[in-house]
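A single chain comes next, written as structure tokens; it is the form predicted on its own.
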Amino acid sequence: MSPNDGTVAGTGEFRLIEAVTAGRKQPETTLLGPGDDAAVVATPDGRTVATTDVLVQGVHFRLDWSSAEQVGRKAVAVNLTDIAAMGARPTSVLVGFACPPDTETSVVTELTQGMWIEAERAGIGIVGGDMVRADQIVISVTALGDLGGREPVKRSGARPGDVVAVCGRLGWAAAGLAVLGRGFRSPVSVVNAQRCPEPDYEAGLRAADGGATAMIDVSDGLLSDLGHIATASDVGIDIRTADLDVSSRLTEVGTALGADPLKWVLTGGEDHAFAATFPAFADLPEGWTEIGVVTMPDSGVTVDGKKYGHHGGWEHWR
């Protein structure tokens, strides 16, 4: 391939790295950014919260459904919500990127532009990573966070009598996936919820400061993810559908597609909202809405006191 053919092979690894990192600003927590064998990031708390997610083309995203910039934003967002769900503040991300040699350079630069946009929205920097050759596009993001003196909010702290609350939209990404799967591209607000979540990263901090006993990022579906809290805490959880926000837009889309919007809210994944439990009678933090209660062990996750059936949620290799 010629040096100027517009592909990553023609651009070359090091010129591509320079193109996606040059001139980018870093927060004060980045003591040493891209350019050396490893980055140096400040950890004022003395503890580091870390998480990794891998996104594979054709499994987690499609470039005929989403722009490269939206994919980049989503790759960062899905990691930062895991940090926030621990009650930590995100500080930085590292990116591993793989693609075929004939991938257009513009796809990579647009994708990394999306990563930088989301990182800056969270007040953090991309401090390093790696680029390699592969048969398809693969994005691996490692996110780091700082607890700021707090104890981590784990999945195992819920107790009977606690209230269950959520922060963020539910069901929108699943509705967007259903729309895209039917070959449509509107309503844009619903489709974009699938293409690129816009989490409130401060929600996890507010929950931790507000006394949350357990918390999780809603990535696989509300009932599925609450099931993780129930299992880890050895409790049951009951959700009240009357307290769930089933928006008029979801109802409209459900009617058009012959689908139940409540099912999207209860089982749809990729919204990257937050679910948490709080002590009974606690004042919920700003943006959090009570939707249920923690019950006794062995009662599972129920909806209006009854088993809902399959809780949905994504599970690889299933």
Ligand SMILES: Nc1ncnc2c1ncn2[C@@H]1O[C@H](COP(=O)(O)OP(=O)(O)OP(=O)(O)O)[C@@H](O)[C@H]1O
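Numbers for residues come from their place in the sequence shown, where the first is 1. These numbers were taken from a predicted model, which means no experiment stands behind them.
From this point on, the text means the form predicted together with the named molecule, which you will not see here.
Enquirer: Are any of the heavy atoms in Asp36 no more than 4.5 Å from a heavy atom of the named molecule in the model of the complex?
Expert: Heavy-atom contact with the named molecule at 4.5 Å: present for Asp36.
Enquirer: Heavy atom to heavy atom, is Ser219 within 4.5 Å of the named molecule in the model of the complex?
Expert: Contact check for Ser219: yes, within 4.5 Å of the named molecule in the model of the complex.
Enquirer: Is there any non-hydrogen atom of Asp53 lying within 4.5 Å of the named molecule in the model of the complex?
Expert: Yes - in the model of the complex, heavy atoms of Asp53 and the named molecule come within 4.5 Å of each other.
Enquirer: When the contact criterion is heavy atoms within 4.5 Å, does Ala9 count as touching the named molecule in the model of the complex?
Expert: Answer no; every heavy atom of Ala9 is more than 4.5 Å from the named molecule in the model of the complex.
Enquirer: Check Arg15, Thr109 and Asp200: does every one of them have a heavy atom within 4.5 Å of the named molecule in the model of the complex?
Expert: No, the whole trio is out of contact, none within 4.5 Å by any heavy atom.
Enquirer: Within 4.5 angstroms, counting heavy atoms, which one of the listed stretches 89 to 97, 185 to 193, 117 to 125, 211 to 219 is next to the named molecule in the model of the complex?
Expert: Of the options, only 211 to 219 has residues within 4.5 Å of the partner.
Enquirer: Using a 4.5 Å cut-off on heavy atoms, what residues in 130 to 166 are near the named molecule in the model of the complex?
Expert: Just Arg155.
Enquirer: In the model of the complex, do the Cα atoms of Ala38 and Ala85 sit closer or farther apart than here, given a shift of 3 Å or more?
Expert: Closer: Ala38 and Ala85 approach by 3 Å or more in the model of the complex.
Enquirer: Considering a change of 3 Å or more, are the Cα atoms of Arg24 and Ala50 closer or farther in the model of the complex than here?
Expert: Result: closer.
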